[in-house]
Every structure is written in C-alpha cells, then in structure tokens.
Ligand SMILES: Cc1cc2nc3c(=O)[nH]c(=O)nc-3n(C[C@H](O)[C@H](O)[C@H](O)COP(=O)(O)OP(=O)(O)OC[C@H]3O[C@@H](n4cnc5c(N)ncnc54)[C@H](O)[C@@H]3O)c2cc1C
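A single chain, nothing else alongside it, follows as structure tokens in the form predicted on its own.
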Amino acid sequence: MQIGPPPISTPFNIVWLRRNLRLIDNMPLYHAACEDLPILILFVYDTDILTRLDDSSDLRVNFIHLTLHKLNKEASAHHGGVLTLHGTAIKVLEQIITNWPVRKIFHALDFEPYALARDAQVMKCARMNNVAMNSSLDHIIMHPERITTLDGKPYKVYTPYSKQWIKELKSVCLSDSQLPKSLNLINPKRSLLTLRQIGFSFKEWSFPDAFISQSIIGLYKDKRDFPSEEGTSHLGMHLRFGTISIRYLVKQALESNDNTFLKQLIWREFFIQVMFHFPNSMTQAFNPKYRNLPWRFDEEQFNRWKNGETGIPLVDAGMRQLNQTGYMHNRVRMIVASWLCKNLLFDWRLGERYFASKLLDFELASNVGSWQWVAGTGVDAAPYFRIFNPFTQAKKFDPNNLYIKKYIPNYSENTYPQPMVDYKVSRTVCLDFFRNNVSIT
C-alpha cells in the first residue's frame, strides 16, 4: 500500500494505538504529550490479523471501527484526529518510518506471540532509520517478568502468584496519566477508513458500555455465578481493546470490601505471564503428561456442540448465547468446555479456536488458559477427575431455568431432546481415558 505524503513536513511523534483505544489514562499518549513535538495518533487495520477472521461482519472489527470514530471526535477537540491505515502492520510502519519525518513512535507493550514478533521487526526497522521506539506498560498492571518465585522462576500456580501480585501492588502507581489541556495533536486531514474499505461490513449491534460501579463490584461475589443475573461486569471486551483503563478498574476494585472482582483481574495477568514465559502452551498442553492424549473426534457431534444441540440444556443455552451475542457467562463457559473435553473427549484446542472466532472479549492468554484449566492440561489446572455435571450446575445456578429459557424459548424438561451421550457413562470413560493415556516423563 502507499501511505501518501506525511501530514506535516516538520518532525513529529506517533502514538501507535493497538490495545489501548482511548485517550484518557493512556500511557503511550501521556508519554508522547510530555515531549515537545506534535503527535499523530495512528491505528493500523492489520491484515495479518484481519485475514484470520471468518466473518466479514465480525463484531470485534465493528467495535474497533465505532471506537475509532469516537476517538477521532475526541481528538478533534485538540485540533487533531486519528489516522487509520490498512495493510500488514510491519509494512505500514516500515513505509512510515522510511518516508515520514518521524522522531519517535510511542506504543503499549503486548505480550501475545504475534505481537512480540511484529514489534521486534518494527523496532529493527526503526533503529535502521534512527527512529526511537518508546514502549510502556498499559493493558496490565504487572510486567510478566515482575512477579516471580524466590528463585526467580515464573509462577505456575495462581494462588501464590496472586498473593505476590497484591504485595507488589503497594509499590505501583495507579494515578491517572491525565493529558495536558493543550494537547498538541496533528490533524491527518484524511477521513477514517470505512469498514467496506478494509473488506468488512457493518452490523447493527448494541455494545455494552465501559462502565463499572461499586454496586456491581460489591455484589460480584454473590451474583457472578448465576447466568440469569446481571452480576458480571461485561468489561472483557473493553479490557481486550483498551477502551477502559486497567489502572482505573484496579482502583475501583480496591475500594470494595471484597476482593473477588480484583482476583478476576489478577487471573487475567496470571495467564498473560504464563503466555509470556511459556509461549508454546498457546498451542500445546502445558503439562507434558497430556501432550499425546488420543483425543477423539466426530464432526457431527462437534457441530451439535457448536450449534447448541447437545441435548444438555445448560450447554446448549451457553452455546446459543455465544453464537447470538458473542458473549457467554463465565460459569457456563466452564460447563460447555468441560462437556466438550471431558464428556466428548475432544481436543481442548478445537473449543479454544471456536471461542476465539466468536468471543467479543477474546484474549489469547485467558482463552487458552481457561480451556487448559478445564481440560486439566494446563497450569494450576482442574484435575482430570474434576468433571462438571451440567445438570447439578443448572439446578444450583439456574434453578428456575431463566437462563436456559432465554436462549431456548420453547424449553420444556419433558420434551427436550435426550443428551447426545450419557453423562454418567461418559464420565467413567473420561476417567479411564486420562488414567490410561498419561505420558511418562
């Protein structure tokens, strides 16, 4: 692609937005604002990422598009705007670095394997062209290398990690990185790219707001396990794309008398540090004992699981919620994953990839970590003999079938189809499967 002439002929700095789609409490933008040069805000619709998506009306791309319009409007209050470009991020940045009078590029760190490889290539190109790369931590509180055991090794168990995380928090500054009133932004004088220009289409949708309250946090412990209740924050997507600050959320969580909500934020950082230290675990079982399990596969059964037609009401309701909304209640996620991995004995990676294609709040580390936890193959995993009973789970957490009936409107216990496999029989088969197929290391 051709990026065209620079927006101004004199030297300037760039803030490269990736997973921090906001102006307030944005660390790269804050650091750029402390410099004397004008700032160009840049977002690249990265084709290396977009080409992996199955749906041309993917709601996540829609969300990014709408968010960029909002940011562009906010930037206009500072006489600036957002420049959007389309292509591989590496090639786009290479053209910018070699053809525009850029002094520094400010960006937030990202620890996903693709992002690390991409950033390494961009930094190499920047060095060759005397452009500085300024990185800062923005989408998590703790750098993955900060929390270690006494012998300097990464944690593989959540509880001791979380305790150390909380101790370290005392030395972390959570104050807002507020912007100066006279923010010197550049107006790129180009319209934002449309969805059609990047090969996607618009889909009418109502996205949840980036909002948290003390009432939600205060009731989180008691309500979060009941899928028919509005007891969760629905902030996963906003954390994924950085439309809300993790520092703000941690501060809000610390104001509560209960730390259940805070622990969920720490789980996210725990999985990110696992991904950073053990990147191979994104594609294979973390526990070597389970890397050669002879998972079974039946395409017809897998499609029934994907479509919410297993004959297990709570599992089916969860999958239908996912397919219809791009979201699934967290407890239900564990139940549908357990059914796939433990009762059907399907490879956890099949479910992880399907969730990755559908979830608005998809984050690689959390998605893989959670699937491996349920499958019993990961760090701090549920043991293989922990198998969720979807019927007792429904009685406990959806006793009046409110959640089930919301996604299966014609649901009746008397007429609902029989389960595709018998729970008790499949549980016994699962136990034998894991006992008999563990690799000796």
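Remember, it's a predicted structure, so these values are computed and weren't measured experimentally. In case it trips you up, residue 1 is the first one in the sequence shown, and so on.
The discussion below concerns the form predicted in complex with this ligand, not included here.
**Student:** Please pick, from F106, W165, Y290, W371, the one residue with any non-hydrogen atom lying within 4.5 angstroms of this ligand in the model of the complex.
**Tutor:** The option sitting close enough to the partner is W371.
**Student:** Report the residue, out of V92, A337, V131, L71, that has at least one non-hydrogen atom within 4.5 angstroms of this ligand in the model of the complex.
**Tutor:** Exactly one listed residue reaches within 4.5 Å, namely A337.
**Student:** Partner absent here, but in the model of the complex, which of 137-145, 228-236, 316-324, 174-182 has residues with a heavy atom within 4.5 Å of this ligand?
**Tutor:** So the stretch in question is 228-236.
**Student:** Given that this ligand is not shown alongside this chain, does E309 nevertheless sit within 4.5 Å of it in the model of the complex, heavy atom to heavy atom?
**Tutor:** No, E309 sits far enough from this ligand in the model of the complex that none of its heavy atoms falls within 4.5 Å.
**Student:** Although this ligand is absent from this view, report whether S366 comes within 4.5 Å of it in the model of the complex, heavy atoms only.
**Tutor:** S366: contacts this ligand in the model of the complex.
**Student:** My question is simply whether F362 lines the interface with this ligand in the model of the complex - judged by any non-hydrogen atom within 4.5 Å.
**Tutor:** It does: once this ligand is placed as it appears in the model of the complex, F362 has a heavy atom within 4.5 Å of it.
**Student:** Whether W267 contacts this ligand in the model of the complex should be assessed with a 4.5 Å heavy atom distance threshold; does it?
**Tutor:** W267: contacts this ligand in the model of the complex.
**Student:** Only counting heavy atoms and a 4.5 Å limit, does any residue of 419-437 reach this ligand in the model of the complex, and if so which ones?
**Tutor:** Result: empty, none.
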